[in-house]
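Next up is one chain by itself, shown in structure tokens, the form predicted alone.
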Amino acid sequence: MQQDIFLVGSGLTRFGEWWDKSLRDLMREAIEAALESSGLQAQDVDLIIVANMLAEVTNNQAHMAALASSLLPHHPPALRVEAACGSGALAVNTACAFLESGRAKTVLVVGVEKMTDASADAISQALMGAADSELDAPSGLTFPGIFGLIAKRYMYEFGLTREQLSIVSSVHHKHATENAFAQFRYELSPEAVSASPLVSDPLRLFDCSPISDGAAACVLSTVHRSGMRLAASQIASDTLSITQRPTIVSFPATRAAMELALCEADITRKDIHALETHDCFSIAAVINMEDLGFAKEGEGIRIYEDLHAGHAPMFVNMGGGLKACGHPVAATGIKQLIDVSKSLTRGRARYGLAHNFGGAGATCGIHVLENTHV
């Protein structure tokens, strides 16, 4: 990083189904919590970055940046970014660019999504905007279908069983029981995952992250300091369509962003003690472990087997991940950064990593957070 950037405040709504709250309500709740956490005044914010993917479809609301700006008394300049489910990480990366350049000194980043106002069919169609409208969508694929194909191929190549895959969601649900902001705060056995309704073979209902409402906000600053410093902020991209890739059992954008982030932070994987990874589907979590370099090819499930057995090599998705905490898509990348900071504080650990991607890994954002008090 060209400047020391600190996470000085954070705020979340609970993720879930908020029939009585609007986009504005959700953003206001997260922003007010982030400002209160920071100890700053609203007027200290120079710039707002808003992450949102679906508001035009689900809420008939565009111009989200101006809507966010209107929630602060001095109406600071604001802009909106979008990278599907990776919008939150892209928003943080954009904020870092402004802070490193000196164009802003304190930036409010907020991600929000209100998805339950639309039907399941409308949401499925809207989310397919994160895939290729010419190469993927005409075949009738949805994202459960895309990741079902990925899971089927992975099982064929590496011998992953249905019983092993079910461990992933079980681990995340167990972690969510301790998270007051999680959508699903209950344990789930691997057997229950395997017995849940089939969605897209071999994926079952409890392999899939839910439709969620929610918002997450953080305050980043170069002039106000805290014990949480951003050590790296990197993004990488890949083909939009899975049909243009040499393999569908790895996400090259994750591999590229990870190497860039480790280089920028000047650390190795062994320094990472807290990880929030993008488990939009359980198979993604397994592949992510390999692409991030924490497991060898075909052995990503071993980390979850260790977690399930209580032999945790590191803190992984301690808030419940996308599966159990919920997945209001544009809020997720920001929520991950907040959860990393919580894990570092609780565990008295130095480095944590947030891994957020959009589509089938077409955009990936990785952030490394350093606990300077350790």
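As the structure is a computational prediction, the values presented were derived from the model and not from experiment. Counting begins at 1, following the sequence as shown.
Keep in mind that the form predicted in complex with a small molecule is missing from the display, and what follows is about it.
Of the listed positions (Y154, F294, F143, Y304), a single one reaches within 4.5 angstroms of the small molecule by any non-hydrogen atom in the predicted bound form, namely F143. Note on the partner interface in the predicted bound form: the residue among A97, L135, L205, C263 having a heavy atom within 4.5 angstroms of the small molecule is L205. At a distance threshold of 4.5 angstroms between non-hydrogen atoms, F281 is in contact with the small molecule in the predicted bound form.
Residue contact check for P210: one or more of its heavy atoms lie within 4.5 Å of the small molecule in the predicted bound form. At the 4.5 Å threshold, heavy atoms of C85 reach the small molecule in the predicted bound form. Proximity of F158 to the small molecule in the predicted bound form: non-hydrogen atoms within 4.5 Å are absent; the residue sits far from the partner. Listed stretches are 69-77, 265-273, 180-188, 225-233; the contact stretch with the small molecule in the predicted bound form is 180-188, by a heavy atom cutoff of 4.5 Å.
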